[in-house]
Ligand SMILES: Cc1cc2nc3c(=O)[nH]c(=O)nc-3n(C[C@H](O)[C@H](O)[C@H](O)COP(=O)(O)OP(=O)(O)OC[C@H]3O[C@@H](n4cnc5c(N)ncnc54)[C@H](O)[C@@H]3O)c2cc1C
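This document opens with one chain alone, in structure tokens, the form predicted alone.
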Amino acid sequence: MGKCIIIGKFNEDQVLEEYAQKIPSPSNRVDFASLHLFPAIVSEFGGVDNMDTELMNLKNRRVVVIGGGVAGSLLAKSLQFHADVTLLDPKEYFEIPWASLRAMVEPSFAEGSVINHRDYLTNGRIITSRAINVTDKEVLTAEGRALVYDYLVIATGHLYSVPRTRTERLSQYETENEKIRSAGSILIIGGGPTGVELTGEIAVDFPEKEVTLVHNGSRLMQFIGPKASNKTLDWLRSKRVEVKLEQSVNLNSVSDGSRTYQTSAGETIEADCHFLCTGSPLGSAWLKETFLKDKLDIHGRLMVDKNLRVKDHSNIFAIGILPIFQQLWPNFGKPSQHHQSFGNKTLLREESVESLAEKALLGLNINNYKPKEIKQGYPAQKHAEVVATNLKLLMGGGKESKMATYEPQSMKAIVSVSLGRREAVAQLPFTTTIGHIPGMIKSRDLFVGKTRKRIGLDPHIVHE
């Protein structure tokens, strides 16, 4: 079919249908008969004339994105009109992770933070499955489907056990909320950002509850400075939260239905329910059996260069929590001989690196460990932006020397942890503050509106 020439007033349906026929993969195209999509599609290409060239070149632009978290979803959305995009994810939805704790005390909040992939990825192929193998040409899914790629982006993040569908996830939040409401006393295990934020949400929304937080570190949230930790501890205690440091809880010794918990210090805690907030492993274990196994460090992170390309692979990228940057390659993968014991468990210091960077929950000695980057939502989004820019450049025949680079955030970066609906603790480059002022920046809607807007959706949460 030749180029559509429009004279005078054009018929949008006709134009869109003509270009729809040019896309090589019919299962990957949007229903172009929807008139409201026309301005957005034309805008993506910079005009009708550019659409012709761009769409014809899709046959050389097969991009497979593994993982539908913050980084993977934003990248897929950014490329959907510039490439033949396939998003591979075990669940049917994208969830804004930093909003999940608010949804436990206010389930309706999840209606805006749990988003079906199809709502933002209108022109991409979505496969609900997990990857089990990868070669230099294709990705194999758990169902045995082979996905051929020209470019691969690995964004598997952490390994979480969550429902497959959005409806099931929303129902799960209702169940968790009922668990909180029906309890008179609550035990939270883990004093990293997740445990602290959940404690804050419960303490503010349910001040009548007796809340106990147990953390086996010497201070809360050890990935940030002691000033922020101390201010947070004082805030929690002002909300009548009992905080027990340098202790752990062995849940294996707790029988079903029991209200009694024993700490490593021999203390007894009575609680109607508990929440375990001790982090999750990286979702990269499957790569250990693939041709990329030599590119993994001992913690399961992929070694990448400044362009976020996996070492020695010009068409494979890693984004989100997975990348370990080039300047750290010489030091990573080398086990330390330093051990520390707590409770009935002994760990190598390296085994806690993931928690130090992401949740700081194990409480091991970290005096000699200085992570280059704190893994939070902002870096993941920046990863997606850099890789989107680089893929558009490469697919357009641009020079590698023009590729965008990513500079990891240092420990001096701004870190903010919510403390209920209106307050937060913020560590800034030159000061640490707590209260309503940092809370105005993050705590009110937890950046849900801003994140929705970034993926092209109404920033306002719509209650169904």
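So that there is no doubt, residue numbering starts at 1 and follows the sequence shown. On a predicted model such as this, the values are computed, not experimentally measured, just so you know.
A second form of this protein, the form predicted together with the ligand, is not displayed here; the remarks below concern that form.
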| property | result |
| --- | --- |
| In the predicted complex, the residue from Ala71, Val304, Val153, Val85 that sits within 4.5 Å of the ligand by heavy atoms | Ala71 |
| Answer option from Trp98, Trp235, Tyr149, Phe275, heavy atom within 4.5 Å of the ligand in the predicted complex | Trp98 |
| The ligand in the predicted complex: contacted by all of Asp89, His158 and Gly320, heavy atom 4.5 Å | yes |
| Which of 208-216, 100-108, 239-247, 304-312 lines the interface with the ligand in the predicted complex (heavy atom within 4.5 Å) | 100-108 |
| Heavy atom of Gly377 within 4.5 Å of the ligand in the predicted complex | yes |
| Non-hydrogen atom contact Ala131 with the ligand in the predicted complex at 4.5 angstroms | yes |
| Close approach of Gly124 to the ligand in the predicted complex, 4.5 Å, heavy atom | no |
| Any non-hydrogen atom of Gly283 within 4.5 angstroms of the ligand in the predicted complex | yes |
